[in-house]
Every structure is written in structure tokens, then in C-alpha cells.
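Shown here is one chain on its own, the form predicted alone, set out as C-alpha cells.
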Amino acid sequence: MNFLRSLTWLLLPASVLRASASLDEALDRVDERLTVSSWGGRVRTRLSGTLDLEAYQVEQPPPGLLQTGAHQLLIPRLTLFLDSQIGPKLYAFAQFRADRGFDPSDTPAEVRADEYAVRYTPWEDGRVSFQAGKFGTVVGSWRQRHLSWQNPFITAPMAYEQILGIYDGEAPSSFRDIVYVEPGSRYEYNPLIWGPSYTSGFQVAGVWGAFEYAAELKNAALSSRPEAWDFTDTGFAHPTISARLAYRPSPMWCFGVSGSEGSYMRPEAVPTFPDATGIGDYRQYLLGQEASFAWHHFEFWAEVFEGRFEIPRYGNADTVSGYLEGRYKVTPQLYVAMRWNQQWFGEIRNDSGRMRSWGYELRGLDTAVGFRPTAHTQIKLQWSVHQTTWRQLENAHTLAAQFTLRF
């Protein structure tokens, strides 16, 4: 009943806004006032944003990066985007958030800057650009549609939010620490890729004919938590290198490959390491393949990642995670979407000297429906079911709803 009440609160503003024929005109006027030009039009700055309300009905322990000990969770989130074009070659952007943590949680509200960067593009054809600051990773394709207005779903694919037996705060003391994630301390562990990975550093990218390329030098690995993304929190003593190459043979198709290598352990873990080892001895490696297709009302995305973590005392832990995702636009306002996720784990030597899998095979099905009552509002409903060989999480169901107002 609590989830139904939360859902009613989400649908109520959407129905009211739908009834207002002047909503789009009002928000268009707001958009005009939030856009400022100066120096004869050479400098153009725009402020935009989204207001999100999310409701979750979850089983315990919660899936992915959700943080709550309850079965219901209601989350408001305000996101502001600041974009500034300075002449034809210089572009700056920033993203600010006010919410209850980067990932959905029942923690106190906070305000923070998730992105801030400057980009320099010497030539108009975009053959090369240089960027510095704090921004999302170049790895994979999901980051390009991860914001609430673009994402067909409310949650991320499994590769970007499924907790693994990887703990970056200390070395594991036993095989059980790796294979069994304590429900009460799940957020202390890491996924393969932590969402869009807004780490800090430098990027070079561009377009050359049908090819897109990007490479970056960042301060933290792809699995690192949001607390490590700022340069002031994690310096460049152990940088991460990532790259992506994509090929677009036609407007409908895109194929890409990505790779990354970097140290994933945090400085406080050093005292727990074996003698004569340091942060640089324990790295995360990742190789990814992607494909996307768009034709009329149908869109399709697929990604597969092969990852490896070097774990103190236990060696290489390998995993493979991938998903297939499709969206069909029934009308210009209504769409349905479905995503299949799966993750496999390799074997490492346990405390008895036997080779054992370091994780439980995971499968997940996400289904969603989205509706845009106006050009500035959106409603999503999502149902997810996750299956695993670990009996305590077998057939875990999650219901989620989201209302978005874009301005």
C-alpha cells in the first residue's frame, strides 16, 4: 500500500500538468529566460535541469546500488545543467545535484557537483577535442543515455550497478569475504562499473569519417565509488587509462569496443595488503564490446564486458557481464522497453586450495513503459526480476516508478 500511495503522488502532478494546455508555453518561456548571450553572441550560457520523483518497492536485501533497510523508498532529485559556449572553440559544462545520495538511498539530503569540465575543439569538423575536469567515462554506450530523460528505464544495466564481491576498503581476510556479500554492508562493495563513473581527469576525443574515438586519463578506476571521483579526494598517484573506438557504417548501426586499466583499491586498504605490495599491484582490467541499432520506432542496444580484478592473496578474479536492451515507440508519447541482463563469474582458489567460483551467476529481466504527457514531463513504470544461484536472492522482484519534469 505504501508503494501505491507513492505511485499516486507521482501520477498526480503528471495528470494536473497534462490538463494544463499552457504548460509547454510556460516552460518554453522559462527556457528562454535561462539562456543568456553576451559579447555580441560570442558567449552563450544556458541553465536547464530536471526534477525527478522516484518510488521503489523492493525485497530485502535491495538489488543493485539501492541503499535502504525498508521495503519502500521515495526519492526526490533536482539536477541542474549549466552549459556555456565561449566562441566557436571553447565549451564548458557542469552538473549539480540535490538528492539523497548519488545512488537511491534513505540517507540525508545533500548537494554536490557531479560534473564540471572544459572542452577545447580546434577545428569545426570535430576531428579532435581536448577536455579536462570531472565527467563521465568514455567506456561503453550506456553513459550516453543514462540521465532520467534519455534512459528508457529507471535503473541501470546490471554491469553498471550489480554489487560484486569486490571490496576496495581492505583486502579480503577469507574466501567467504569475496563470495558472500554481507546484506548490511553491501554498499561497501563495488560493481564492475559504478554508473556513469564521473571521475576526474583528461580526455581526447573526435570523429573521423565513420569512426568515433576517445581516450581518457582519470584519477580512479571504473569500479570506484562516488566518494573517490573528485580529484581532491583521489589524486593521480595511480591513474586509470580508458579508451573507446566506435564505427558507424550507417545512421542505423553503431559498433564499438572499449578498454580500461587502473588501480581500484583505496589508500586506507594498504595496511591490510600482503607485505611488499601496494595499490598499484591490484588493478582492474576491462574489455567491452557494444552494438546499437535504430530503425523507425525501434531502438536496440547491446553491451558485453569482460572484467578482471587482481585481489590481494587470491589472484585474478574474472567476470563477464552483458545486456540486451530494446525500446519500441508505440506512439510519439508512449513507449515500451525490455532489457535482459546476465553475469558470469570465473574461478579462484579458495582457502582450502580448491578452485571455486567467486560469485553466483546472475540473471535479470527489466520491463518498462514510459509516457510523456507533455513535451516537458515523463512518467515511467518498471518491473524487474533478478535470479541467482544463491538461494537468498532467488527471484527477487522490484517495482519502480518515476516522474520527471524537464526545464
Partner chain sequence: MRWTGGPGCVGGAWRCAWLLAVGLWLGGWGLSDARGDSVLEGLVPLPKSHTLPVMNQRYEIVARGGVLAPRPPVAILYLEGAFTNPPPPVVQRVLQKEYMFLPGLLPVQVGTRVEFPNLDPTYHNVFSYSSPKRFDLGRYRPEDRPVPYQVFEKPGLVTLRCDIHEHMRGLILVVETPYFALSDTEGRFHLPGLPPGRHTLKAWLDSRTTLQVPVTVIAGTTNRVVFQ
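Positions refer to the first chain, counted from 1. Being a predicted model, the structure only gives us computed values, none of them experimental.
The protein also exists as the form predicted together with the partner chain; that form is not presented, and the subsequent description refers to it.
Visitor: Hey, in the predicted bound form, does residue 375 get a heavy atom within 4.5 angstroms of the partner chain?
Guide: Flag for residue 375 set to yes.
Visitor: Do residue 328 and the partner chain come within 4.5 Å of each other in the predicted bound form, heavy atoms counted?
Guide: No, residue 328 is distant from the partner.
Visitor: Classify residue 81 as contacting or not contacting the partner chain in the predicted bound form by the rule of any non-hydrogen atom within 4.5 angstroms, answering yes or no.
Guide: Although the partner chain is absent here, residue 81 would touch it in the predicted bound form, with heavy atoms inside 4.5 Å.
Visitor: Give a yes/no on whether residue 69 approaches the partner chain to within 4.5 Å in the predicted bound form, heavy atoms considered.
Guide: So residue 69 does not count as contacting the partner chain.
Visitor: Among the candidate stretches 45 to 53, 336 to 344, 358 to 366, 59 to 67, which one is within 4.5 Å of the partner chain in the predicted bound form when only heavy atoms are counted?
Guide: So the stretch in question is 45 to 53.
Visitor: Of the residues 151, 95, 234, 162, which one places a heavy atom within 4.5 Å of the partner chain in the predicted bound form?
Guide: Partner contact (heavy atom, 4.5 Å) among the options: 95.
Visitor: Among the candidate residues 186, 119, 313, 112, which is the single one with a non-hydrogen atom no more than 4.5 Å from the partner chain in the predicted bound form?
Guide: Partner contact (heavy atom, 4.5 Å) among the options: 119.
Visitor: Residue by residue through 25 to 39, tell me which have a non-hydrogen atom within 4.5 angstroms of the partner chain in the predicted bound form.
Guide: Counting only heavy atoms within 4.5 Å of the partner chain in the predicted bound form, the contacting residues of 25 to 39 are 25, 28, 29, 31, 32, 35, 37.
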